[in-house]
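One chain is shown next in structure tokens, namely the form predicted alone.
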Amino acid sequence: MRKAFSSVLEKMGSDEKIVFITGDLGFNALEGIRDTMKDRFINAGVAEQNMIGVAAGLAHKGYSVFCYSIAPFITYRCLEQIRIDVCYHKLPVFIVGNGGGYGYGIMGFTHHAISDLACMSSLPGLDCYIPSFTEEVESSLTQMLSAGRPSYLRLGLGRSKPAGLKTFESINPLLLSPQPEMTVMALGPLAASALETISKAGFEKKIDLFSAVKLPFANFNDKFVQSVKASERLLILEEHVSRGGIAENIALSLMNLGIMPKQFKAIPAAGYPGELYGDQNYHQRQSGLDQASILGILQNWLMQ
């Protein structure tokens, strides 16, 4: 998704009120932004906390500022500055983290962001965007600029959106069946993996699939509520720890609506059960978020 982000921002960069700051990252990806923005493209060096302070100062002067780095560096390391300098003043500073979840694989714990949404979505007035498909990066950026409020964009593995999926809400329907036997909700790029798994297994007429692409949830998609009521089975997939993830948010919201599915299962990022590091696929397998594991759960539930 990084290339899609760079391409979209390159087009937006002709706006003289947009500033881009990188934490000394983006080689062979951000050159187009640099060439378009010129002196509005700033390399802050490996000084992420200072970068947020600079961004807040520029935003206070009327600029819309994008701050870019690897997801854990731009979130955990800068949490106090984002909370006080940006959110408290409701400034148009947009935090962009590349490699959400286990995206940086073998580089290990320091480079993984599997609790970033718990931190960021709890900050006052800050919206989190987690595109499921490459095409949703542009939708996210457009919404962020239009809202003009603190935001976090979590970039992950990019796949193309299937034809006909044009909506962009907090929750989007990807598959809808007349009489669903189960409902599946997937966070960000996992939606593409779940969609492929369901399609390969031929379960399209049995499963409703939704993607979660924005936190906090502004409201539940009515189709999602109807699906959960009809199927009474809800499976949630997220490359994020269970604390502060979408499963907790969805469970609380459903309970507030008086909806309690008979079967509820959340599969989050498992952390590091084997105390070893590998690529993103390795960590997804360990968490039960790979296609084979997802297929096993779907088959088991549908046989009941």
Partner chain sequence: MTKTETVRLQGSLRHSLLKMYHSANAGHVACSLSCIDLMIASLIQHKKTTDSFILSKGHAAASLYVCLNYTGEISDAQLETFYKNGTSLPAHPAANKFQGIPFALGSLGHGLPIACGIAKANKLHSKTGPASDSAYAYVLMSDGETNEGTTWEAAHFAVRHQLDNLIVLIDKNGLQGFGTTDQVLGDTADETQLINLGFEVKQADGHNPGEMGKAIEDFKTSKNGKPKVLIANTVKGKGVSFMENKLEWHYLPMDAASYAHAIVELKEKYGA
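Residue numbers count along the first chain shown, from 1. This structure is a prediction, so every number in the text was calculated from the model and none was measured.
The same protein has a further form, the form predicted in complex with its partner chain, not shown here; the description that follows concerns it.
For a residue to qualify, one of its non-hydrogen atoms must sit within 4.5 Å of its partner chain in the predicted complex; all three of Glu16, Asp39 and Val54 qualify. The stretch among 76-84, 218-226, 124-132, 188-196 whose residues place heavy atoms within 4.5 Å of its partner chain in the predicted complex is 76-84. The contact residue chosen from Leu58, Val241, Leu254, Leu30 relative to its partner chain in the predicted complex is Leu58, the criterion being a non-hydrogen atom within 4.5 angstroms. Among residues of the shown chain, Ala47 is one whose heavy atoms approach its partner chain to within 4.5 Å in the predicted complex.
By the criterion of a heavy atom within 4.5 Å, His89 is counted among the residues contacting its partner chain in the predicted complex. Residue contact check for Tyr277: none of its heavy atoms lie within 4.5 Å of its partner chain in the predicted complex. Within 4.5 angstroms of its partner chain in the predicted complex, the stretch 272-300 places no non-hydrogen atom at all.
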